[in-house]
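Take a look at this single chain in structure tokens; it is the form predicted on its own.
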């Protein structure tokens, strides 16, 4: 589509719930960014150890993988708050405001349902790893409940942000899909 969407950051207004969720999503975004910076620093250290000092690395590759995956999952609510996920707005733009409102309710409700299912199974997977003392099969042998914790945390925070988005649309604090009425 050739046009540019006017969608911006999700509005919170004066609603304390929406403001709290926005703050939590922002903190999650900062944590995600910190994990990316840590992964880059560890990668640089690994390159230095392997190619300058001619040494071997034990934990670095695994740590970088876990950090990048955790950053992706923990960063989900922040990206949702900024409306940075892939968005096809051809249908919402072509609908009248009332139909756009109902489409937003349907899509947010379905998203909440799907993310809720992902949260359930992510928690279950994390709990198995924690309860059974799973460790990675590497020399480092990290306890897997630690990196797997990003599954329920990330999906839980995304679920919270989606619920806040739904509340914002229902209470008319924010417009459906963040689009202005034409």
Partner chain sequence: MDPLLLGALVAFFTIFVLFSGVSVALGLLIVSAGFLIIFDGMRSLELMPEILFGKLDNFALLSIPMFIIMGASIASTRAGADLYEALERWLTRVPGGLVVSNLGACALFAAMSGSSPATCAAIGKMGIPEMRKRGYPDGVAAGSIAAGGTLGILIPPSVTMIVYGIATETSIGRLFLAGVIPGLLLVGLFMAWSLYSTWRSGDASVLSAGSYTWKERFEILPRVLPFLAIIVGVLYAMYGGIATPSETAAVGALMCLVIAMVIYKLWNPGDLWVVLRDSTKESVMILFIIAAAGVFSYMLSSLFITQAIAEWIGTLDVNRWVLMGAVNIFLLIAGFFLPPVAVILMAAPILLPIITTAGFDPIWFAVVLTINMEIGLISPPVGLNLYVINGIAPDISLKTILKGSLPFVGCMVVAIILLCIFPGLATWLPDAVMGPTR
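Positions refer to the first chain, counted from 1. Just so it is clear, the model here is predicted, and its values are computed rather than measured.
There is another form of this protein, the form predicted in complex with the partner chain, and it is not shown here; the text below is about that form.
Using a 4.5 angstroms threshold between heavy atoms, residue 99 stays clear of the partner chain in the predicted bound form. Interface residue remark: residue 153 is not counted as part of the site for the partner chain in the predicted bound form, having no heavy atom within 4.5 Å.
The partner chain in the predicted bound form is approached by residue 125, whose closest heavy atom lies within 4.5 angstroms of it. In the predicted bound form, the partner chain lies farther than 4.5 Å from every heavy atom of residue 130. Along 85 to 121, residues 85, 86, 87, 88, 90, 91, 92, 103, 107, 110, 111, 114, 115, 117, 118, 121 each place a heavy atom within 4.5 Å of the partner chain in the predicted bound form.
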